[in-house]
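To begin, one chain is listed below as structure tokens, in the form predicted on its own.
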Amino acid sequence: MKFADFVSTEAIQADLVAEDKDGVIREMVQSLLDAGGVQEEEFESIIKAILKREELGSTGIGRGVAVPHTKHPSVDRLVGTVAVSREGVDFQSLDGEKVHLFFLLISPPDRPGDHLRALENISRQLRNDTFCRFLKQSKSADDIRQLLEEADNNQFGA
């Protein structure tokens, strides 16, 4: 699975303003709503589901990265977005570091394979230091889109 299969490019954010976990999740789901990736009447329900998943353990996986995600019946296919925080956010990460790179995923409950393949792709790409460094340095959503495309084309050797 590639980023192009699930990232809503219109929802990509190069400069998150949120300063805490709830704010980041709300801002990213709002960007998906604005891009038509989720339905307005499901907005609060999706946020609640993501926060409930966070209660099980932070999706801040370390090295400045978090992958908040949930399964939700309102989506009929895997949808996601990417955001960068210049300042970094305390996301209760496993390593205690602030998070700068966020990948948010929402998938239908009946498609667990897609969810897992997307998580695998994200974690594989994020093991590449060059990819992470360029992503953190992105100045615009277009920069991020281009990086995701290059990652999909294996230009980082991941």
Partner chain sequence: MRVVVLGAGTVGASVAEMLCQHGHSVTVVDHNPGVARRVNDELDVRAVSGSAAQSSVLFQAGVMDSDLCLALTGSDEGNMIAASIAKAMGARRAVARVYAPVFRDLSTFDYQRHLKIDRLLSLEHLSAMELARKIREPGSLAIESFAHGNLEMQELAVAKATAAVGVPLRELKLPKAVRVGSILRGGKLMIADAGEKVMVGDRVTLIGAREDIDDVKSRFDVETPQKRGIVIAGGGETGYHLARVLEGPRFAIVLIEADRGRCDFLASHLKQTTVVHCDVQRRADLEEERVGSADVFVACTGDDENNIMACVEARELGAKKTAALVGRPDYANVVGKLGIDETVSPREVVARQVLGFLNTGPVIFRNALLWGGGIEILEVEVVAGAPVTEHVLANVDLPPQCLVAAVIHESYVRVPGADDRLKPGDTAIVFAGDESVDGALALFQTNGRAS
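Positions refer to the first chain, counted from 1. None of the values given here were measured: they were computed from a predicted structure.
Although not depicted, the form predicted in complex with the partner chain is the subject of the following passage.
A.B. asks: Candidate spot Ala4, Thr9 and Gly36, all three in 4.5 Å heavy atom range of the partner chain in the model of the complex?
C.D. replies: The answer is no: none of the three residues contacts the partner (heavy atom, 4.5 Å cut-off).
A.B. asks: Quick one: find which of 95-103, 25-33, 126-134, 46-54 has residues within 4.5 Å of the partner chain in the model of the complex by heavy atom distance.
C.D. replies: In the other structure, the partner sits against 46-54.
A.B. asks: Can you check whether Ile61 is within 4.5 Å of the partner chain in the model of the complex, heavy atom basis?
C.D. replies: Judged by the heavy-atom cut-off of 4.5 Å, Ile61 is well away from the partner chain in the model of the complex.
A.B. asks: Is Asp110 a contact residue for the partner chain in the model of the complex, using a 4.5 Å heavy atom cut-off?
C.D. replies: Yes, Asp110 lies within 4.5 Å of the partner chain in the model of the complex.
A.B. asks: For the stretch 62-85, return the residues whose heavy atoms include at least one within 4.5 Å of the partner chain in the model of the complex, in the order they occur.
C.D. replies: His69, Thr70, Lys71, His72, Pro73 sit within 4.5 Å of the partner.
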